[in-house]
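Below, in structure tokens: the form predicted alone, a single chain.
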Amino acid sequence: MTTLDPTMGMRRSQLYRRHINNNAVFKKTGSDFVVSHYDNGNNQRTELDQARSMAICDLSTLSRTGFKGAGAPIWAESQGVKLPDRANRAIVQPDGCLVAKLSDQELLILSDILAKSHQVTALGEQSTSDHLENDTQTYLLPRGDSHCWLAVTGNQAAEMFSKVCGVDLRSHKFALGNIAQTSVAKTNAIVIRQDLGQTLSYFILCDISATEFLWDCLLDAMQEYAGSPVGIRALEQLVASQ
């Protein structure tokens, strides 16, 4: 099997060295690389089982973008984007990408897990073409440059978060699509509940400079639940099992 080098992509995760040291097997998504799975020779538990119980996955090389300004919601709707009805809510688009409304004037748009959606790229290109900064008070926010993107999955995820986050993220308190802009392990973060298939799941975004710190803190917090990193293949299997 050919070994893919994550440093050859257009963008690399802040965590790529940790992944390499953990025997990660990478796969290419677009022009970048993401961890497919970890080759640790451990057959006691598959990564799919791990993801259903307690796991963390680095999605930082998947596409994401954002828009901010008084005209941002109107412009996004003119491009066919379906918006949440209020701030701090997120909804899935027909093509699978996720649109999060962080305030009345700020949107965050995340690629789907399978990386089949082209909406992130299309919106970025259209915004440049329209010269939005001058015309409609809408400003492009390159979230791929500013924020990391992690996924925490598993039926014990909410209990784990109670150790590092002051927001009650239990499923009966924090509904699907809810957003908390809060502190996770003393790091400013955006937490979005976005279940994968039938598995409780959260997307976590924070300033890219804090990626390694947050990753290590979350791994430490999930130790008592036998949590560990998984590759995106396990998340794809969760989605497929829906």
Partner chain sequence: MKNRLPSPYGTLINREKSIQFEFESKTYNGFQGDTIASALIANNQTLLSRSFKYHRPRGALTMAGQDANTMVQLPSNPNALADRELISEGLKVTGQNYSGSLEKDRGEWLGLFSRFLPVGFYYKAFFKPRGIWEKWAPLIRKKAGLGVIDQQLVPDYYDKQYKFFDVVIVGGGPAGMQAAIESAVENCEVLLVDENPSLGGSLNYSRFDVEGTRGKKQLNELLDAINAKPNISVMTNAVCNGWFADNWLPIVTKRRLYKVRAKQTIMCTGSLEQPAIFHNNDLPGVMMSSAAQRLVHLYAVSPGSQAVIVTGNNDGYGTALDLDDAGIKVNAIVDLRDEPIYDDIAKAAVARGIRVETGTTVYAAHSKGANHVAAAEIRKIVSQGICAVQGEVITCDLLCMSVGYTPTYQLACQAGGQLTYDDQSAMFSLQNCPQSLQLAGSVDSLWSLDAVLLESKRAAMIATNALELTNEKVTDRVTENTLSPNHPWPIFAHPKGKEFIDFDEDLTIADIINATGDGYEHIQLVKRYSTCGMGPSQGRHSALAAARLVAAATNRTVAETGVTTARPPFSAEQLGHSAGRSFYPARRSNMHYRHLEAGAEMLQAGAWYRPAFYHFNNNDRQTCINKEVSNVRDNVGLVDVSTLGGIEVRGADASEFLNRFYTFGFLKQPVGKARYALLTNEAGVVIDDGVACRFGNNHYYVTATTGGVDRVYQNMLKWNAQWRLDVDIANVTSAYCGVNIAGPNARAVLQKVCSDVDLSAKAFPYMGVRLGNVGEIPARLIRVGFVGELGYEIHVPQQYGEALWDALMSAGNEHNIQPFGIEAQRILRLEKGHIIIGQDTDAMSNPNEVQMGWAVSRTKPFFVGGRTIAELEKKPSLRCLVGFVIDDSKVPMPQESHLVVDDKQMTGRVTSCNFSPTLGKAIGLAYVPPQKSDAGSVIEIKSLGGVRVLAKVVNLPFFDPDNARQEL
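This one's a predicted model, so the numbers in the text were calculated from it and none came from an experiment. Positions refer to the first chain, counted from 1.
FYI, the form predicted in complex with the partner chain isn't displayed, but the following is about it.
Participant: Does each of His37, Arg45 and Gly177 have at least one heavy atom within 4.5 Å of the partner chain in the predicted complex?
Facilitator: Not one of the three qualifies.
Participant: Looking at 75-83, 118-126, 92-100, 143-151, which stretch has residues with any non-hydrogen atom within 4.5 Å of the partner chain in the predicted complex?
Facilitator: Going by heavy atoms within 4.5 Å, the stretch is 143-151.
Participant: Heavy atom to heavy atom, is Ser53 within 4.5 Å of the partner chain in the predicted complex?
Facilitator: Flag for Ser53 set to no.
Participant: Leu200 near the partner chain in the predicted complex, any heavy atom under 4.5 Å?
Facilitator: Outside the cut-off, so no.
Participant: According to a 4.5 angstroms non-hydrogen atom cut-off, is Arg18 in contact with the partner chain in the predicted complex?
Facilitator: Result yes; Arg18 sits at the interface with the partner chain in the predicted complex.
Participant: In the predicted complex, does Arg64 have a heavy atom within 4.5 Å of the partner chain?
Facilitator: Yes, Arg64 lies within 4.5 Å of the partner chain in the predicted complex.
Participant: Output the sequence-ordered list of residues from 222-238 with at least one heavy atom within 4.5 Å of the partner chain in the predicted complex.
Facilitator: The stretch 222-238, when checked against the partner chain in the predicted complex, contributes Glu224, Tyr225 at the 4.5 Å heavy-atom cut-off.
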